[in-house]
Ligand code: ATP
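First, one chain by itself: the form predicted alone, in structure tokens.
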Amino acid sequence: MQQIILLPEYIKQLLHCLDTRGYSGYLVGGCVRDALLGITPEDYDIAAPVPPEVLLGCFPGYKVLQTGVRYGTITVIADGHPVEITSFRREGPYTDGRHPDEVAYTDNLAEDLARRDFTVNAMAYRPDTGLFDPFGGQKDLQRKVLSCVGDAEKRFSEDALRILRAMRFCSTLGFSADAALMQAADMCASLLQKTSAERIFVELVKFICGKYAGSVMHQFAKPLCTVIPELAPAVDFDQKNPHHIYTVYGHIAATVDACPQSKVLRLTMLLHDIAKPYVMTEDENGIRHFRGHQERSAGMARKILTRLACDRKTIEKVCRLILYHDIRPAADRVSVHRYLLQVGYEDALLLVHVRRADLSAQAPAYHFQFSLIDQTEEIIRSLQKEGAPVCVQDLAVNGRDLISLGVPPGPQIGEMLTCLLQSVADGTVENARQALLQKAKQLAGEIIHKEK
């Protein structure tokens, strides 16, 4: 594996600032890992055998922020990039499950790396001396194995969020967790209950958006069900239905992998069938049914995402997609247009992804429906290109036009606009001003006749 890491000029300059003062700075952590994997690092972290009060004076001409100086970390703004620079340190116990109670500074790089979470994050690099890898991180990168530095249970006891970080690295990098890490993750999973919802949700989103999230869900079922306990009944739940070949949890995991790696879509698939074990009924033939699971799943998703401090916009979008995920309009223009009146263009196109992912994790005998989904998407895009109306605001007439026809202001205006929109969707009237006004006159006449 290549050990020459190309560094941006601003990082070289920061290392030079330390070198000129007699201190050897090292690139550490994720930037070294990513560079060795051929991934351009999103950011760079530097560690140096310098106490923080001395670090503050090592970068003249740069803006220096005392972001974590209590724990030996400062942030230097270099060429517009925030770069964290940390003193080599040893750490005491983590009583609060997140921060060490005390920090002792050291000039020993190996001691500093020994406090880190995973071997692949416990490597250091300098351009002149190359890679420093005391815990076999490079070998683990080559094997695609994630293992903890030292005792895995101790690492997770220090900060249980590291369990979700392990899930994230396996999900995004395609790594497998070693046996010691998995055993410790299961043993320490309950500690996640003491971790803040905000921290959990950030890592959960990174994990669920990884390329291999679905397969990692199986390996880390216990920690995931600790974070989302409502998922636990799904793990071994046999659907006993001809449409399905997986347990509910297996189906969910497969759909997660099958949809695009976006926050909204992945959260939708994670929660779209979560209510199935709660609404199941079984008929006289032993076939299980899940009527109303869409509405119940949407309601459960709202509670779960709110508990996890998800932003309101994401909650609304995810719950809406879950609510409509099982609606399958016929693949003809009128049916699809009527469907669009319910969901709109944006959500309809997202639901195409949801339906494809859902179908991909069902019995192969039903995969012929992929062609129907393709046809539906084609019609949606055609209607969108035409500018076909999907809400009353898209109509070529408005409430003032109806009032000018003699329709009294009030609820009847909205009702009539809705009728006009439905008529356009049904193909019985064109979305053109004169055609709509003519139709409105007819509707107004009918209303007057009824009132008489």
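We call the rigid core whatever largest set of C-alpha positions still superposes within 1.5 Å between the two forms. None of these values were measured; they are calculated from a predicted model. Residue numbers here begin at 1 and follow the sequence given.
Omitted from view is the form predicted in complex with the named molecule, to which the following refers.
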In the predicted complex, which of the listed residues (K317, R165, K263, R356) lies with a heavy atom within 4.5 Å of the named molecule? R165
From the list N121, T73, T195, S215, which entry has a heavy atom within 4.5 Å of the named molecule in the predicted complex? N121
I have G29, D45 and D159 flagged as a candidate spot, so tell me whether each of them has a non-hydrogen atom within 4.5 Å of the named molecule in the predicted complex. yes
Interface membership of F169, the named molecule in the predicted complex, 4.5 Å heavy atom rule: yes
If we define contact as a non-hydrogen atom of the residue within 4.5 angstroms of the partner, is D401 a contact of the named molecule in the predicted complex? no
In the predicted complex, does K222 come within 4.5 Å of the named molecule, counting heavy atoms only? no
Heavy atoms within 4.5 Å of the named molecule in the predicted complex: does D117 have any? yes
Quick check for you: of 223-231, 108-116, 269-277, 338-346, which stretch puts a non-hydrogen atom within 4.5 Å of the named molecule in the predicted complex? 108-116
Where, within 180-215, is there a heavy atom within 4.5 Å of the named molecule in the predicted complex? Residue list please. R199, K206
Superpose on the rigid core, then tell me if the C-alpha of T195 is displaced by 2 angstroms or more between this form and the one not shown. no
Quick check: V424 between this form and the one not shown - does its CA shift reach 2 Å or more after fitting the rigid core? no
L402 C-alpha shift between this form and the one not shown of 2 Å or more, rigid core reference: no
